[in-house]
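Next up is one chain by itself, shown in C-alpha cells, the form predicted alone.
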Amino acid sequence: MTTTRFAPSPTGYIHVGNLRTALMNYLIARKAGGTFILRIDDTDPERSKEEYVDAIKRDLEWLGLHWDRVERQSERLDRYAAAADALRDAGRFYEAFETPVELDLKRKKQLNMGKPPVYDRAALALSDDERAALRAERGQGVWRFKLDHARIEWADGILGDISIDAASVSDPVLIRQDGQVLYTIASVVDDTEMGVTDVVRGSDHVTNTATQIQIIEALGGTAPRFAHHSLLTGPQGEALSKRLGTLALRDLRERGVEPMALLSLMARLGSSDPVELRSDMAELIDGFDIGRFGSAPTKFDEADLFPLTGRYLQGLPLSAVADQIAELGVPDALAEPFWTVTRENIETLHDLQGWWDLCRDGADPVIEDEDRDFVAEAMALLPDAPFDGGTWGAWTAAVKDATGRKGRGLFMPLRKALTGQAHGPDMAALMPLLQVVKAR
C-alpha cells in the first residue's frame, strides 16, 4: 500500500512552503488509495510547543488535508536508541569530540587547500583511552554515521537520476552532544517502521536523502521512492525564505483566502500544467501527477491567491455563505439579492462588509467639479427609497431627457455619486439594496 507522511516540527506555524510538501504527499496517498500520516517531529523538547501542534492540525483541517493517523517522534525515542545500538554493533556509528571552533578551523584549512570541507574522520583514530580522556574533559561527544564512500544513486520522482559521491559528504551527526536525536536518523527509523513508500520534500534535502539511503540500508531497510520539489521564490525570483513567516497558513486564512484557491494554486505551481481553479479535493487528486513538476525554482506570488479566491466565491450559492452574511446584519429578505449582486465584486468574504456598509449607510459621494451641477439636478429627479429593479433605468432616462447627457458622461457621474466608486455591481441590481443616498 502506498504510504506517505508529512512531518512538520512544532516550532512555529506552517507556511506555504510546508504546505507544498504536505499537499504533494497527501495527493499521492489519496490518488493511490493509500495512507497519509501526520508525523510530528518533536524530538527537540526546548523548541517544540503543543500550541504549534494544535495549530498544525487546525491548518490542515481547514484545508481538508485529513490524515489517517498521527505519530509523534517524542514517543518513539526507544526506537531511535535501538537503531543507534544496531549501527554501533555494525561498526557504522562513532563518537566524535571536536568543538565547533575546531571543526570550523578544519573546514577553513581544507578550503584553503582546495579540498571539499568534509569531516576528516579524525575521531575514528582515537584509542579507547583517548576517547575516555576527551569525554572526561568535554563531556559526551556527538555520534556520527560512517558513510560507505561509494556513489549513492536513486531515481528521483522530480529531479530524475541522482548520483552523489558519499566521499564528498561529511559523516552526518545523528545524535547531538546533549543526547538529542536528530531528524536524519529519526526519519529513517520512522519511514522504515511505518512502511512509508513515497517521500516528497524540498530540494534542499537532496544531500540528506543520500545519507539516509545508506542509513536505511545499514539498518536492513528498503529506501522509499524519493521526489524533491523545487523551492519557492518571490514573484521576481527573490529568496522567499525570509518572508515565509508572513505567509503562514493561519495568516492567509485570516486574510480571507479560501482553501480551494490556495490548494488549486499549490497543486499546480511549478508543474507543466496551468493553474486551474478546482471546485473540490476530488478534482485535485484526480489531476495530480508528481512527474509533471520541474526542478527550476518556483515563483510564488501571494497576490495570485485573491483573484482565485474571488472566482471560487462567485460559484458559491447563498447557502454556503449565509452565516457570514447574517453576521453582517443583512436582513433575511435581502440576503439572496445582496449575495447575487456582490459576489461578482469581491475577492474575499471580508469585502462583503464594505458593500453592506454602502447599502445600509450610503457612500460618501465622489463628484468631479465639472459634474456638480449635473449631479445636483439628477438628485432632484431621484425618487425616494425604497428603490426597485426599475429605478435605475427610469431615473437615468429622466436625467438624460432633462440634461441631454448620455453614455459614460451620464452613467459614470451618477454611479460615483451613489457608490463613491467608479466600478462595481450592475446599478440596476444594486439600487434596490441602497437604503440611504448621501449625495442628495
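Sequential numbering from 1, following the sequence displayed. This structure is a prediction, so every number in the text was calculated from the model and none was measured.
Same protein, other form: the form predicted together with a small molecule, not shown, and the subject of what follows.
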Triple contact flag Gly12, His15 and Arg243 to the small molecule in the predicted bound form, non-hydrogen atom at 4.5 angstroms:
no
Using a 4.5 Å heavy atom cut-off, indicate which stretch of 364-372, 283-291, 201-209, 243-251 touches the small molecule in the predicted bound form.
201-209
By the heavy atom within 4.5 Å rule, which residue out of Tyr183, Tyr94, Tyr312, Trp154 makes contact with the small molecule in the predicted bound form?
Tyr183
Out of Ser264, Ser187, Gln214, Thr342, which one falls within 4.5 Å of the small molecule in the predicted bound form, going by heavy atoms?
Ser187
Closest heavy atom of Arg30 to the small molecule in the predicted bound form, within 4.5 Å or not?
no
Contact flag, Ala7 vs the small molecule in the predicted bound form, heavy atom cut 4.5 Å:
yes
Check Asp44 for me: does it contact the small molecule in the predicted bound form (non-hydrogen atoms, 4.5 angstroms)?
no
